[in-house]
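As structure tokens, one chain now follows by itself in the form predicted on its own.
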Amino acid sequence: MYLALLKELLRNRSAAAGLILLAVVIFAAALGRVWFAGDPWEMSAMPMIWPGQDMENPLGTDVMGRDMATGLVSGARVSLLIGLSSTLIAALAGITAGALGGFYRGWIDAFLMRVTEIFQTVPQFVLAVVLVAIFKPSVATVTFAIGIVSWPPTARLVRSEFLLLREQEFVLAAHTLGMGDFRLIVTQILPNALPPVIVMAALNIATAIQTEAALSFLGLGDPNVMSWGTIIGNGREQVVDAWYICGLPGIAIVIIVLAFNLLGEGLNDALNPHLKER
């Protein structure tokens, strides 16, 4: 199944391009520390050395003399960690709420949808800023904040899938055979409802990475962790004299967001049977 999905993705140009870009980012995050093993906060050379000017600092230094390459490698790990972890939190919360509401309907569905609407009345980024500001900024806090504000769209999507699938004959047959609600939800309905959720998760990772960068730019990221948003925030006052300080992490954000968006489009094409028939 997974091998067939991978082959389908590789045949899709958008998905293949997304996978290549994502592989580059993962390679930088996993193996970049081998070449750039220093502390991203440590001053390693003169301030504002331009990329290519000093081979010991191939991507230059920032206004404090910190190596840009080391900071970018550190930021790749942070972005992937927060993006994947927060999306997992959002997916678990959204799937739980949507599955319960769509399966049981009635007052349970009404209550869960009212809670969902409450979260959706406040802009996601504003709510994330409030949550991070209330608690001590850290990787865990930022991850939780982004995850907790991102689950409503997933909940609504899963609910609509469950409302459609619960009336299908295979579900009614399983219920007639005495299958319990929990087993029915987990083994019969949920696997058939997952394809659109997987597509949404890929797109949510891109959004989570953008949100983390914005929070760090505002100074609400983990002060002990170097992220792309932090680098951009530190270099915003020198954007005219040394644009590369903001430009390089900005390009990195564009690449990783584009990778997950392209991958999401490819997954949608591969998992959507209606698109396959066209």
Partner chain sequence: MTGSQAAVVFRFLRRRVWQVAPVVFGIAMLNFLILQLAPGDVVDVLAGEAGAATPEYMARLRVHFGLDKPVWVQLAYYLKNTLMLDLGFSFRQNMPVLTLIMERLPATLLLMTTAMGVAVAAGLALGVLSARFVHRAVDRVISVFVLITYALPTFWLGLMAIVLFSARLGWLPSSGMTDIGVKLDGFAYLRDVARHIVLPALTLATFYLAVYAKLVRAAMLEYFGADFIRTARAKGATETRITLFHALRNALLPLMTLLGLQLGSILSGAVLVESVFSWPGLGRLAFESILARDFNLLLGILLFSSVMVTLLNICVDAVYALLDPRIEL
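Positions refer to the first chain, counted from 1. Fair warning: this is a prediction, and the values are worked out from it, not measured in the lab.
Below, we refer to the form predicted together with the partner chain, which is not included among the displayed structures.
From the list 78 to 86, 193 to 201, 97 to 105, 111 to 119, the contact stretch for the partner chain in the predicted bound form under a 4.5 Å heavy atom rule is 111 to 119. Contact check for residue 265: a heavy atom falls within 4.5 Å of the partner chain in the predicted bound form. Within 4.5 Å of any heavy atom of the partner chain in the predicted bound form lies no heavy atom of residue 26. Contact check for residue 253: a heavy atom falls within 4.5 Å of the partner chain in the predicted bound form. Residue contact with the partner chain in the predicted bound form: residue 59 places no heavy atom within 4.5 Å of it. A heavy atom within 4.5 Å of the partner chain in the predicted bound form is found for one listed residue only; from 92, 164, 134, 140, this is 134.
With contact defined as any non-hydrogen atom lying within 4.5 angstroms of the partner chain in the predicted bound form, the contacting residues in 241 to 260 are 243, 246, 247, 250, 251, 253, 254, 257, 258, given in sequence order.
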